[in-house]
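Given as structure tokens, the chain that follows is alone and in the form predicted alone.
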């Protein structure tokens, strides 16, 4: 089979060739899991160290997104922000991006977390060119990316979703089709807005108890069996040494950085403003994380606990 044929598949004649763009803390392990599952990958990232890591485990390396996609039937991207997604797919001036180089029928899966309006803009441009575009942001953090247990929240057509499912199943455990283009991003920011609210509220409640003489673990156990029960208490307690193997018991290292939570809360606020929806609790959480990330942006988002009890950050 001619490798220059855009319809070429890998050696087992079943799996499509994939271009993977963006090899950060999330993208790299996602790409590695695809390689382990037998997919042929050509990867691109600005970081030479990141591309070398993937090359060592079987990927080929490209010098640009366009080169990476030259023999691919599927493009997957995991990029930092909407401006990067626009730059890759639409180009700097909106006319020389990757989309214009892709043949009709190519499937694009963008797992970046960006504004729904940005995802819809790229999806509409893709549709005009006959390219299938899915916005497919993820939940589950770096641990989920490594384990292949991410949650994918997907927006796009039924047909494109069906084509993507085998690859998403390699990288994730829970795969949801939220609706049409942009729906994945809306669902993701709704979830993360609630998570930010819950984390800030849980930290506030624990601090109130501790400052009034309660043991943080005893209080956490009480709330876990009461109406205040929530995900942060169950699996991600923000108070140090209450729970093992969570960032709060490791100096707030690892996990989901506070600056990323701030980014997602800001995206939620942008969407709320665009659609004239009131989100007073989300707005307060965004305000709290904006102040917190000034000095603690690289710490896990549970470090918001330190806003109330500064001793836990030192």
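Positions refer to the first chain, counted from 1. What you see is a predicted model, and the numbers here were worked out from it, not measured in a lab.
Missing here is the form predicted together with a small molecule; even so, the following discussion is about that form.
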item	value
Options 136-144, 167-175, 68-76, 224-232; stretch whose heavy atom lies within 4.5 Å of the small molecule in the model of the complex	136-144
Residue among 289, 39, 252, 44 with a heavy atom within 4.5 Å of the small molecule in the model of the complex	44
Contact residue in the model of the complex, from 127, 87, 157, 96 (heavy atom within 4.5 Å of the small molecule)	87
Contact label in the model of the complex: residue 202 to the small molecule, heavy atom within 4.5 Å	no
Exercise: residue 269 in contact with the small molecule in the model of the complex, heavy atom 4.5 Å	no
4.5 angstroms heavy atom contact with the small molecule in the model of the complex for residue 297	no
Interface membership of residue 23, the small molecule in the model of the complex, 4.5 Å heavy atom rule	yes
